[in-house]
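Read the single chain below, which is given as structure tokens and is the form predicted alone.
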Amino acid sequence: MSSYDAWIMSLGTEVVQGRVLNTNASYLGRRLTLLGFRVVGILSLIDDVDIIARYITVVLRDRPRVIVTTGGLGPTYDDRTLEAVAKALNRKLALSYDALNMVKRKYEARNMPLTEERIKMAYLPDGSIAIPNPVGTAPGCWIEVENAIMISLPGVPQEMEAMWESWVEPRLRLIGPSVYIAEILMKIVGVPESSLAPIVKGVLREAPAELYIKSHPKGEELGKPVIELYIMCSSREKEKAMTTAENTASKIMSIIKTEFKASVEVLTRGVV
């Protein structure tokens, strides 16, 4: 197996039963690929400690570099992902004071008490690092076992994505394969996000897996639409990463100016 293999585990009975669309897996698959990791597989499992622990053990046998789990970090009785991680790694689940402080600050800001259910979210496997959650209340978990890194994040997409982009991804960039990341941020004025979406979808359909595009609405959809469009491309070749990102930006700008006569401005561009 590759030394940069990665696995994604989408945990939650509601996901397995099809009651919730698994957008987390597609997001993480793309982001890990952009970072140069080889995503070997995606597992969806119900909220069962024994089943989750069993499959974590199976995946670890192949010595992946990264395993990312989503779901099961909340305060309810069936949020038991970290219990399963602890069982798979043969570690104790213990109160993390860093995680507890994160949870405590969230509820104090809302003048709400720390109940047993809320404190439950601060229990992590021994040796873990608590991952801050800038959107929700449940901290994430980063734990290293031999050469593998296990990352557990909430299942709510907005929380998971915020934690990934602000905390997890910068650290994975340091330990992942050597790739260049080209980034372009554009400001689009006068085009609703719902009108921009099919354009982005069409561009991505023909794009390499190493290209990522994300729109961030800053104005009103039906009033004064303003969108910041983020374009990211990775490659082992610096010039290729930037060229692909630049060509993508030019293509989108051309379509927008032709179809909507809208204002498009490049705010930032660069390679890291």
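Just so it is clear, the model here is predicted, and its values are computed rather than measured. When you see a residue number, it is the position in the sequence shown, counting from 1.
The discussion below concerns the form predicted in complex with another copy of the chain, not included here.
- In summary, the region of this chain contacting another copy of the chain in the predicted complex, judged by heavy atoms within 4.5 Å and restricted to 141-149, 84-92, 189-197, 122-130, corresponds to 189-197.
- Across the proposed site, R19, D47 and I213 without exception bring a heavy atom within 4.5 Å of another copy of the chain in the predicted complex.
- With the partner omitted here, the residue from M242, A53, V66, L43 that has a non-hydrogen atom within 4.5 angstroms of another copy of the chain in the predicted complex is L43.
- With a 4.5 Å cutoff on heavy atoms, R105 does not count as touching another copy of the chain in the predicted complex; it lies far away.
- Residue contact check for E169: none of its heavy atoms lie within 4.5 Å of another copy of the chain in the predicted complex.
- None of the heavy atoms of S263 is located within 4.5 Å of another copy of the chain in the predicted complex.
- In the predicted complex, another copy of the chain sits within 4.5 Å of a heavy atom of R38.
- Residues are counted as partner-facing when one of their heavy atoms sits within 4.5 Å of another copy of the chain in the predicted complex; in 232-247 only M232 qualifies.
- Shown here is a form in which the CA atoms of H216 and G18 lie at least 3 Å farther apart than they do in the predicted complex.
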